[in-house]
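Given next, in structure tokens, is a single chain: the form predicted on its own.
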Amino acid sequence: MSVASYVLRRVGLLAVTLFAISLLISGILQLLPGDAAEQVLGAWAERSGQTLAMMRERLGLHRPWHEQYLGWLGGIVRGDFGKSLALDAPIGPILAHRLGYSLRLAVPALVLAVSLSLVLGVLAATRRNRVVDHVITVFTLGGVSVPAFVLGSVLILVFAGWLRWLPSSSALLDGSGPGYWTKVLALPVATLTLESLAYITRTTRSSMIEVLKTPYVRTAILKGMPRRTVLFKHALRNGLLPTVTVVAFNFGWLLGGVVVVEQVFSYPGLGSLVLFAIEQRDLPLLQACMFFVAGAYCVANLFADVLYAVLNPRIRY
């Protein structure tokens, strides 16, 4: 099977997955107590049943669930995510605006985490059970064990409180340019990098240890090939397969799952938007955010599958 055929098949599976996710999200929100009309009216919803009925009709909530779902799904296909009740504005531009901020946070953190973890993972695997391996293991296990809000608070205390090198909050003020964004994003990016670094390093180390035991690697070493060539040309290519999955998962997590980090540093990303929608009971905004974040996970896994097929052509079959 060619790469193009494999990609088309995976894209078709992605469409089916997104359809199932949309059904699940819509069904879950239908089970929640209350609805958008009660959120709009507030206390008036209990005083006037006629007003509540008129508002439900205005928002289209009087229609059967399947009609509401098909209308919402058709809007998403057209690029219309609906209107936020709390912000009284279209949801699409709000999501795009927050996505821009989330990408500024997620992309540098992911690039740093992947670059450092590949180096540390290969180094730990080639120095297995030595001092270097033990040091890297303790460092990565510490990163996994420490919660993000604790790590972020410690970084704020050290670099903003004691040293006064960086601002304690990443709340966006008037400013632009690389210098401004470096100061704003330094602490949250460092927190996310250390959180992601631990998982990717441990995965890379484990997969590289298994690959280094394979016969073809031992044969290449016995033939006298340079060790660097064996590691980076033969072993690392196959050892990256489990790491690709972890990287894809971390990218989706960095886009929408970093609510704690964004709250610690007061950063306006997608995670804080989800929390805002929950606090305000803004069901249309929450529904759109959930679908968008789930879609980001699915797209990231699609790229991981394609990269799998490039690294190991046998996967296509």
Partner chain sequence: MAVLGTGSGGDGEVAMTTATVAIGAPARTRHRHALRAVPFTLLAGIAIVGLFALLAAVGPWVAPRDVESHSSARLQAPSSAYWFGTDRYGRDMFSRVVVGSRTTMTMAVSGTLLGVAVGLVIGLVSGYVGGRLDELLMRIMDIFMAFPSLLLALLVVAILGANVVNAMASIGIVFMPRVARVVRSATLGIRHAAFIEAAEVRGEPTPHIIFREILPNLWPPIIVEGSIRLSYAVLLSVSLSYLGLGAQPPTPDWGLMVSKERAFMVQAPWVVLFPAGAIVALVVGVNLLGDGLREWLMAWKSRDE
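Remember, it's a predicted structure, so these values are computed and weren't measured experimentally. For clarity, a rigid core is taken as the largest C-alpha set superposing within 1.5 Å between two forms. Positions refer to the first chain, counted from 1.
The discussion below concerns the form predicted in complex with the partner chain, not included here.
Peer 1: With the partner chain left out of view, choose which of I156, A198, V217, V122 has a non-hydrogen atom within 4.5 angstroms of it in the predicted bound form.
Peer 2: Looking at the other structure, the residue within range turns out to be I156.
Peer 1: Does any heavy atom of M55 come within 4.5 Å of a heavy atom of the partner chain in the predicted bound form?
Peer 2: Flag for M55 set to no.
Peer 1: How about Q263 - does it come within 4.5 Å of the partner chain in the predicted bound form, if we only consider non-hydrogen atoms?
Peer 2: Yes, contact at 4.5 Å.
Peer 1: Using 4.5 Å between non-hydrogen atoms, is N129 touching the partner chain in the predicted bound form?
Peer 2: Judged by the heavy-atom cut-off of 4.5 Å, N129 is well away from the partner chain in the predicted bound form.
Peer 1: Can you tell me if L70 lies within 4.5 angstroms of the partner chain in the predicted bound form, counting non-hydrogen atoms only?
Peer 2: Although the partner chain is absent here, L70 would stay clear of it in the predicted bound form, with no heavy atoms inside 4.5 Å.
Peer 1: Has each of S145, G161 and I278 got a heavy atom lying within 4.5 angstroms of the partner chain in the predicted bound form?
Peer 2: Per the other structure, all of S145, G161 and I278 touch the partner chain.
Peer 1: So which residues in 289-307, when you check the partner chain in the predicted bound form, have a heavy atom no farther than 4.5 Å from it?
Peer 2: Heavy-atom contacts to the partner chain in the predicted bound form: M290, V293, A294, Y297, C298.
Peer 1: Is the shift of F249 between this form and the one not shown large enough to count as movement, that is, does its C-alpha move by 2 Å or more after the core is superposed?
Peer 2: After core superposition, the displacement of the F249 C-alpha between this form and the one not shown reaches the 2 Å mark, so yes.
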